[in-house]
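Okay, here we've got a single chain as structure tokens, the form predicted on its own, with questions on binding and movement later.
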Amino acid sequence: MTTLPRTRTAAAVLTCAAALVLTACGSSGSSESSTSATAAATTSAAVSSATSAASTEGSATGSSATSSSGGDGAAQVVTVTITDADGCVADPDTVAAGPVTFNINNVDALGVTEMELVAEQRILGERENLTPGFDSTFSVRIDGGSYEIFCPGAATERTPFTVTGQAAEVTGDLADLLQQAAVEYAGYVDDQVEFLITPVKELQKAIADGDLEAAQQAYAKARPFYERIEPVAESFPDLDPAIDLRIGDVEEGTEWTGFHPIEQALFEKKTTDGLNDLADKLVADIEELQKLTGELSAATIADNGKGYQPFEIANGASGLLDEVLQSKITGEEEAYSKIDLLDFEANVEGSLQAFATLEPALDQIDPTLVPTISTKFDDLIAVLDDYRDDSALGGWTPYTDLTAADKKKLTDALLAVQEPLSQIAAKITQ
């Protein structure tokens, strides 16, 4: 078992660590509800505002680039316009290898809420919450080759995107720090997937035994390990939907599998009947996730260009907070168990750990960035701590007990972190 990545010494990390232990030890009490969640009205606009604030400013110090035949230096900017008539249109659709920032704007496509950059069955960068009228951005550093811009639900869902040349090799102290960050993050992901296997198998056994209460407990125990690394799982386009699709996202004719149909049966229908096949498949899919993340980890250690990339870690840190804003603060993720704040804390923990691995490199790039983001994380965790409830399933206040004022307070604290955090991918790709 690998060790956890470098962690911050701030009180926030100690608090998160305590939460991690609490979760890993399981939860106490029980909570049952069946009412559907309501959305926080300000979320979509707030997300767009925060992610649009990402800057392409900043340059790496302590490093040098060599052998460039592409577009290294200032990030190239690609504008992706999403319309109902034409789907996703990239301008330009061909760029030179190196840092690239994608600025995305959904003009009027009601059926499109996300855009992904895909290569060889992996998602290298993405943005969600792209409802009509809203925009967002993300940054990557990519080599020459054939890519796809994927906009699920668009008139044309997949659009070719070409990168020419070869990205400059980044060397020096900063390159070493970024490689170390990738290795540390790989270890963190490996740990979370390994920890996830045990409660998922407990869930499988409880269902096989017909033990509803044990199954509910195991469900809540498993969820945080997945939620901490969700951007990594999402980088495998077929696997995340098999594991974590919500009922509202199931396409007609598609089988609904993974955590949430099990959640619906356990907490709404209050039965384990008929869940054996779903539980067996969930275990198999998690084991496949362990295999794939293990391969990524090995490639990262080998530093062969096929493992975790620093910009992926940065985008993942920001993406985890997007997940909170998109589905946890709205109560959509855990519609039946109401343990949304347990997922909320796990997303924040995962984001914080991803950020922590990048701190040494970020200190070289922009000495003001780490203290700013660290303070905002501390503030967010302090706000979240007000909602701990040891008597509730998962250890947090059930979503249905949150007031509109509670949701706004949590959203405001999230957005305060999201704005500066969304800048770091652009900075480390320079």
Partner chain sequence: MTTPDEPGTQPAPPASGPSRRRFLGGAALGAAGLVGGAAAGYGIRATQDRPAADTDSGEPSSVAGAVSVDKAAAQVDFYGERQAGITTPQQERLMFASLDVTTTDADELQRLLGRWAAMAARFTQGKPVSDSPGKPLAPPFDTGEAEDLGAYSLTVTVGFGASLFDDRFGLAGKLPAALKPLGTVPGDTTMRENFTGGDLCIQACADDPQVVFHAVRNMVRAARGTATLRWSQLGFGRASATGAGQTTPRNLMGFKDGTNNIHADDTAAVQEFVWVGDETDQQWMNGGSYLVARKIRMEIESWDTDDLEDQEKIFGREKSSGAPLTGGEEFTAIDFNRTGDDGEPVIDINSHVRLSSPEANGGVRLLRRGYNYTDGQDPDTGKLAAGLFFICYQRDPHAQFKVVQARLGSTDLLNEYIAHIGGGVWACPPGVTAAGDWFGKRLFTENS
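Here the rigid core means the biggest group of C-alpha atoms that line up within 1.5 Å when the two forms are laid on top of each other. Positions refer to the first chain, counted from 1. Bear in mind that the values here come from a model prediction, so they are computed numbers and not experimental data.
Another form exists, predicted in complex with its partner chain; not displayed. Remarks below refer to it.
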{"item": "Its partner chain: the contacting residue among 133, 237, 160, 92 in the predicted bound form [heavy atom, 4.5 Å]", "value": "133"}
{"item": "Contact assignment for its partner chain in the predicted bound form, among 145, 274, 111, 248, heavy atom within 4.5 Å", "value": "111"}
{"item": "Proximity of residue 107 to its partner chain in the predicted bound form, heavy atoms at 4.5 Å", "value": "yes"}
{"item": "In the predicted bound form, residue 408 touching its partner chain (heavy atom, 4.5 Å)", "value": "yes"}
{"item": "4.5 Å heavy atom contact, residue 322 and its partner chain in the predicted bound form", "value": "no"}
{"item": "Its partner chain contact in the predicted bound form: residue 330, any heavy atom under 4.5 Å", "value": "no"}
{"item": "Triple contact flag 216, 353 and 389 to its partner chain in the predicted bound form, non-hydrogen atom at 4.5 angstroms", "value": "no"}
{"item": "Among 190 to 198, 276 to 284, 345 to 353, 145 to 153, the region lying within 4.5 Å of its partner chain in the predicted bound form by heavy atom distance", "value": "145 to 153"}
{"item": "Contacts with its partner chain in the predicted bound form - residues in 387 to 426 whose heavy atoms fall within 4.5 Å", "value": "408, 412, 415, 416, 419, 422, 423, 425, 426"}
{"item": "After fitting the core, residue 138 CA displacement of 2 Å or more between this form and the one not shown", "value": "yes"}
{"item": "Core-aligned C-alpha movement of residue 195 between this form and the one not shown reaching 2 Å", "value": "no"}
{"item": "Rigid-core frame, C-alpha of residue 113, shift of 2 angstroms or more between this form and the one not shown", "value": "yes"}
{"item": "Closer or farther in the predicted bound form: C-alpha pair residue 103, residue 421 (3 angstroms or more)", "value": "farther"}
{"item": "Cα-Cα shift for residue 361 and residue 115, closer or farther in the predicted bound form, minimum 3 Å", "value": "closer"}
